[in-house]
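Here you get one chain, nothing else, as structure tokens; it is the form predicted on its own.
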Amino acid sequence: MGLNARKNLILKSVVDDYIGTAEPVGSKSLVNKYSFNVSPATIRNEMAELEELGYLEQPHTSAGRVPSDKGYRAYVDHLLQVEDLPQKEAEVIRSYLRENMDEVTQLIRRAASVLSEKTDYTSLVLSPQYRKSHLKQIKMLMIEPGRALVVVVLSAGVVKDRLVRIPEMLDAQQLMQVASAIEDGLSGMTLDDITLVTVAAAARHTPLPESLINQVMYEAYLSIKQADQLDLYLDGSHRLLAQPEFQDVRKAHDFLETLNRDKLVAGYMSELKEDQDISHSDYENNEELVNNGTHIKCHAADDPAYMVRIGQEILLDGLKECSFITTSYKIGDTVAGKIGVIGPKRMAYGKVISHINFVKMTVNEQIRRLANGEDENGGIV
């Protein structure tokens, strides 16, 4: 980092103070709040040097200073201490994510909800990609002549449904016959391995005219493939608008406009690389990782990894006034989806990271339980 102990302490104090107050920080304020054994003049000189080095900025309307993106980066990478959640709060979150939980989509919706509530920022959870998941069941239920509901059940505990058009002359019994034949032929196959050809081959075991089978077979194929479609679950976009930074109408508009482009945000999150096999010591000693913008922050090797992007590091225009913390959750040993929290650059980083790590760990546990068919107490359903 290249700063001496005093500058580190002053920078940490400025960031901590600004996170709490959203007001520019002056030297007198630091002396009054923190135990510096030096004069206000010395603190003022050190702050001026930190400004020259690019760690602090001075708003035009104030004598105080605020952290720059570089200052926040130094704080997150070198000065931040992340504590475990208090046991009582951890139990409340774990209970909320486990109670009456039998489906992954419901789980990640709850993960988004609890993260937004506990951090008071905007949360995002990207649905898993299920290409390697196995098809367990496919049901086709008649809604009315010409319309049916296709329900796809995957091994990861995922249920997806879709309304489709079918031939009007097809009755409910015939529809069930086609679905049963497809299920018998494809059950146990991964989504990657299921093709239109394999669906057609399974459907033709039904003793029905090809003219009736073809449209049903094609809709079943689309429903299976669309079970792997990325969905973004977002909660608490209004919470960021309560922050002082977003009282500016233009900033608020840009932020909301970006979030409303959910496919854009989902695509951006899905492409984020978190390099979780890089250890903390590798990061600290590798200048190339720092210089190319790959900023990772880890605890010990067995703890969750997370990525923090600050301001200009976020490649979405409407989020340049924000910080974005993400982590990945897994199905088995495979990274499945991502969890994120968006807040102002002066967000309470330690609080967010401790919550996002715990939610990620609990989601991983729950997905494993659902995939193994276990109940809330670990017994087999």
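Note that the structure is predicted; figures quoted are calculated from it, not measured. All residue numbers refer to positions in the sequence shown, first residue = 1.
This protein has a second form, the form predicted together with the DNA, left out of what is shown; the following refers to that one.
The contact with the DNA in the predicted complex, taken as any heavy atom within 4.5 Å, belongs to S27 out of S68, T327, S354, S27. The closest non-hydrogen atom of R44 lies within 4.5 Å of the DNA in the predicted complex. The shortest heavy atom separation between V38 and the DNA in the predicted complex is within 4.5 Å. Contact between G343 and the DNA in the predicted complex is not found at the 4.5 Å heavy atom cutoff. At the 4.5 Å threshold, heavy atoms of L315 stay clear of the DNA in the predicted complex, well away from it.
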